[in-house]
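What follows is one chain in structure tokens, specifically the form predicted alone.
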Amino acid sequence: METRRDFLRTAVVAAATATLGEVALGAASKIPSPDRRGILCDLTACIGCRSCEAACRKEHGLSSVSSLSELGRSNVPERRRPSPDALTVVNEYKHPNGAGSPTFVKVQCMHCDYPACESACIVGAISKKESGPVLWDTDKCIGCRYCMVACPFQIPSFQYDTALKPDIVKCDFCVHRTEKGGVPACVEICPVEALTYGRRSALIEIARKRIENYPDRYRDHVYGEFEAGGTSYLYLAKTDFKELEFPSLKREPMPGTSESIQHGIFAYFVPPISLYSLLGGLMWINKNRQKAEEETTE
């Protein structure tokens, strides 16, 4: 009987460990859908009106911060990151010698093809959808914030001021609109059509054609086409992307790095779902052991 109990106990632990392994390894093995959508940001067209910020806040029911409510080029801060009350922000970058026009950069989740945040999440709360967006599931999240550490673009934000149920927040690609055939709110409101929504492959063709037709206007670089394995947000600019504080990333997907770190740290960690399964299995083993002992006594 002792051997049988040991076998069952080992089987339950192995099942729990396998569950963690599937969560950790699943992200890097997925191949993005060829039909996934994306957004092309033409920074040479952006005028810094920040209408996209206002549309995003309205679409997601976010409170309007006073310093952000006054739209217009004269009120564009130089450096900001997305936050719980601003899922997308526009920053201004002055011309290096001060003579030319500034460049305005829209910043939000890049919706990577191989998300490092998805790979780093130890409970599978973040997932890359076939249509393109990278989404977060509040019901699965345990608040570890490893997604924030893993993101090469420093995008996910944590609601530190929400004590009872803080969330990880970021751009969701307006999935509630796109799933019904619509376009993201920021794309719809852009007055100069600096944002283009469509199939990612088609957007890359559009970007390449613009570079070919207007070589003096664009740098020969579609940011996001290859960086970190590719992203759903793509950028065109005349200025070097390093000067616009875009991170210099290799073509290799980021999950390979985050998973190696994660596996080393959490090799013996059992997430809540697996823990419940483990506890339930041990209770079942204990119950059957007691029953077997009672039968032996009789």
Partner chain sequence: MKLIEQFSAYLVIALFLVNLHAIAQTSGKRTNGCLACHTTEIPTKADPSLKKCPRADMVTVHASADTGPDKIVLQKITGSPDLYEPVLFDHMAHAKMSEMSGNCVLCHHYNPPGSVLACSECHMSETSSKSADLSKPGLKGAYHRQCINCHRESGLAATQCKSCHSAKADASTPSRTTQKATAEVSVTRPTRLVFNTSYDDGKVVTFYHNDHTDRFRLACSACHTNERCSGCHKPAGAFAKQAARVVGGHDRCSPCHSVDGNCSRCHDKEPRPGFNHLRRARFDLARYHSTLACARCHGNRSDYKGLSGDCIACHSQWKSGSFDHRVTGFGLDETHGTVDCESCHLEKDFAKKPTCSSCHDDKKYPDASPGIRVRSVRTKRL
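The shown structure was predicted, so the numbers you read here are calculated from the model rather than taken from an experiment. Numbering follows the first chain given and starts at 1.
Unshown form predicted in complex with its partner chain; subsequent notes refer to it.
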| query | finding |
| --- | --- |
| Contact test in the predicted complex: R210 vs its partner chain, heavy atoms, 4.5 Å | yes |
| 4.5 Å heavy atom contact, C46 to its partner chain in the predicted complex | yes |
| Interface membership of E225, its partner chain in the predicted complex, 4.5 Å heavy atom rule | no |
| Contact test in the predicted complex: V90 vs its partner chain, heavy atoms, 4.5 Å | no |
| Check all three, S101, E193 and I206, heavy atom within 4.5 Å of its partner chain in the predicted complex | yes |
